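Shown here is one chain on its own, the form predicted alone, set out as structure tokens.
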């Protein structure tokens, strides 16, 4: 998702410097005018504001705080905006390292996947330094359709995990409905249409349903990331003694799907785990 976000900034006329652990992924952006730096430290040293989009907490910490990490290039007058989906503890840790350099920090995880990133339709869930939020708001408006400021660091991460916990559980239930409708002789394509017109209609169902019926799962949000977010959400719930039995059951289903080699498929491929379970008990 980082690539289409960077592309939208370039199209808007922003001066963009890019870095990726796999340099070849930067080449299309460089061809469109972006400059390349050899490390996160170098990016941060040469930019007023650094955006980070990483896959998991471990990567987010490494890129920010590891060898040649962005923190080393930060200083007074600079800002670090982490749009990765991480847990609260990770966000607070990165914030502490950024603040120690005299710089500003904003966590800004996004609600949305590849297509919304391409279309500039992301939803930013921000928390941290209000002054940095005000500074980067015009950039967030290029990248997204809405933004929320949620206060202290950790609130953005928590909101994103709650949202993705709901989404993962919804997809698991939707998968059960598709398979049940087929099992009792109904046309699952009609089910998708009925759902899309009723009170439980959600864009996700209309978007994913037709492909799921055909057993096709073009990747917009990898299944491994959905399972990671469920795991982090369950940890968040545990930290405040909140029961989340539905999310816990959904998490187990995504873990089964991963065991079938579906990690890099779209998270809608979780339906394949249910198919396998059905065959095992047949």
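Quick caveat: nothing in here was measured; it's all calculated off a predicted structure. Numbering follows the first chain given and starts at 1.
There is also a form predicted in complex with a small molecule; it is not shown, and the following applies to it.
Trainee: Pick from 209 to 217, 53 to 61, 27 to 35, 240 to 248: which stretch has non-hydrogen atoms within 4.5 Å of the small molecule in the model of the complex?
Mentor: That would be stretch 53 to 61.
Trainee: Taking the small molecule as it sits in the model of the complex, is residue 224 near enough to touch it, meaning that at least one heavy atom pair lies within 4.5 angstroms?
Mentor: It does: once the small molecule is placed as it appears in the model of the complex, residue 224 has a heavy atom within 4.5 Å of it.
Trainee: Tell me, yes or no, whether residue 1 is in contact with the small molecule in the model of the complex, where a contact means a heavy atom of each within 4.5 Å.
Mentor: Taking the distances in the model of the complex, the answer for residue 1 is yes, it comes within 4.5 Å of the small molecule.
Trainee: Check whether residue 85 has any heavy atom within 4.5 Å of a heavy atom of the small molecule in the model of the complex, and answer yes or no.
Mentor: Because a heavy atom of residue 85 falls inside 4.5 Å of the small molecule in the model of the complex, the answer is yes.
Trainee: Does residue 114 reach the small molecule in the model of the complex if we count a contact as any heavy atom within 4.5 Å?
Mentor: Residue 114: contacts the small molecule in the model of the complex.
Trainee: Only one of 158, 140, 110, 132 gets a heavy atom within 4.5 Å of the small molecule in the model of the complex. Which one?
Mentor: Comparing distances to the small molecule in the model of the complex, the residue within 4.5 Å is 110.
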